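First comes one chain, alone, set out as structure tokens in the form predicted on its own.
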Amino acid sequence: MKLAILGAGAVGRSVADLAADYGHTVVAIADSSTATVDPGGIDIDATLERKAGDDGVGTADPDEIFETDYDVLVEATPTTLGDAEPGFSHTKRALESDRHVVLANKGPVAERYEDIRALEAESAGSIRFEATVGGAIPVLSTIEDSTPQAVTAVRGVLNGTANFILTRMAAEGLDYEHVLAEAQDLGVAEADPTFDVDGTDAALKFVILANVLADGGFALEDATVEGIQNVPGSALDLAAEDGRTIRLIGEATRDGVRVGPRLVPENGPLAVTGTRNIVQIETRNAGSLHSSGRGAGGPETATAVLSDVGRLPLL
């Protein structure tokens, strides 16, 4: 497949770097202001080296990416809320040109699910979005293989930053502010960690899961969300006395989405530690399925993107 990549952050760069290992050719890549385009395949090493030097990825206009001969648009620009722009417009433009789209951007599938499915229905192209939920963990493909109709609920831990903070608070008896500062020093938490610690990031992922189960009908505003900012160290101490701990747990069903701090058994499957994620898929026919791993990171998320590309039919 010939890939055109929109977004040159950690995920976009990793997709470009790993594409050849999966048998694909990158014919274009764009960041917010520049692009490099070559129908025969761009020079990945030179492009990534240029980007690392803060010179942008090339000298072309990002809009030129849509004019080249590509099979799959990889949409890896930052997630935005509400209208999900510009990710939604990028997706629309590719589908209207009868090209495939693989999303790493959560916005279009969390906020405008019915719109993108309608566009897909009118296109020769398809849309896939494994990378939007759980990084390298095969959450959506597992649901697809089980069939969404046979899945009754999905729950789990889908934010590594919040999980790291709660793990450290429990293990060391430290308060939230102390561990947050530590997480920021280690690069586990962003300088502005709001998206992670207030539950928004996890909620977007569970909204996507609810949309898959119910075939649409949900956006972030429909989710009940509580973050971890007000979890005191004393609550974790009390939980430990009872053989339990606290994790930021999300749940998606056909009826709605809930995300918030929950008590879980200390040695149970949902009590993953550090930055690990875990997903528990409840099915009618196969019982409870568990998948755990790193839910973020450039190479990890890129493997989900490239696995999706491998599932697409030739146009």
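All of these numbers come straight from a predicted model, not from anything done at the bench. Start at 1 and count along the sequence shown; that's the residue number.
This protein has a second form, the form predicted in complex with a further copy of the same chain, left out of what is shown; the following refers to that one.
Contact here is defined as any heavy atom lying within 4.5 Å of a further copy of the same chain in the model of the complex, and by that definition not a single one of Thr80, Ser97 and Gly217 is a contact residue. From the list 38-46, 282-290, 54-62, 253-261, the contact stretch for a further copy of the same chain in the model of the complex under a 4.5 Å heavy atom rule is 282-290. Among heavy atoms of Asn267, some come within 4.5 Å of a further copy of the same chain in the model of the complex. With a 4.5 Å cutoff on heavy atoms, Pro138 counts as touching a further copy of the same chain in the model of the complex. Proximity of Ser307 to a further copy of the same chain in the model of the complex: non-hydrogen atoms within 4.5 Å are present. Of the heavy atoms in Pro299, some are within 4.5 Å of a further copy of the same chain in the model of the complex. Listed residues Thr194, Thr147, Asn230, Thr224 were compared with a further copy of the same chain in the model of the complex; Thr147 is the one with a heavy atom within 4.5 Å. Only one of Thr200, Gln184, Thr142, Ser123 lies close to a further copy of the same chain in the model of the complex, with a heavy atom inside 4.5 Å, and it is Thr142.
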